[in-house]
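The form predicted alone is given below as one chain in structure tokens.
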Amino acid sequence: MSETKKFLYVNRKAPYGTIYALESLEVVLIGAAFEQDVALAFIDDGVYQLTQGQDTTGIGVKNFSPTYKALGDFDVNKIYIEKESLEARGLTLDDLMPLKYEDEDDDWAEKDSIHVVSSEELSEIMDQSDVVLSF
């Protein structure tokens, strides 16, 4: 039996205006449904994908941001936010959606999926991944 590869999906784009954010989310959910070891990273304007209170009525597109809350149900609980990207945009962890998962190894305790990491730490995470896909 082959070893499971680690997939890291890197999100760099704002949530709307291009198809990248939605496409990334769809690919992540498909991979997770097939039990891939999936992690997400949000850098640059990609950090806006996880901000709370998104309202797309003014631009006439569907708000897909609530779908991120389903990631924990697909065992996607490694979500990395680059600290420097947050700070450069005047954002903090409190500005992001509270994404959680239930840890079956800890009596189903609810835990945070989001991990704020430095660019150096994110570089190490990328190096440890078998496949890195950038959106």
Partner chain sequence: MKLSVQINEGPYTHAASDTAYQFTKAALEKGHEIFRVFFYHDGVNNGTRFTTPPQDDRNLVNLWSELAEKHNLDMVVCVAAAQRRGIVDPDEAKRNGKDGNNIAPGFRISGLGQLIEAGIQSDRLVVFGD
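Since the structure is predicted, the reported quantities are computational estimates derived from the model, not experimental observations. Numbering follows the first chain given and starts at 1.
Missing here is the form predicted in complex with the partner chain; even so, the following discussion is about that form.
- Only one segment in the set 46-54, 22-30, 74-82, 90-98 has any non-hydrogen atom within 4.5 angstroms of the partner chain in the predicted complex, and it is 22-30.
- Residue 65 falls outside the set of residues with a heavy atom inside 4.5 Å of the partner chain in the predicted complex.
- Residue contact with the partner chain in the predicted complex: residue 108 places no heavy atom within 4.5 Å of it.
- In the predicted complex, the partner chain sits beyond 4.5 Å of every heavy atom of residue 16.
- Applying a 4.5 Å heavy atom cutoff to the partner chain in the predicted complex picks out 131, 132, 133 from 119-133, in order along the sequence.
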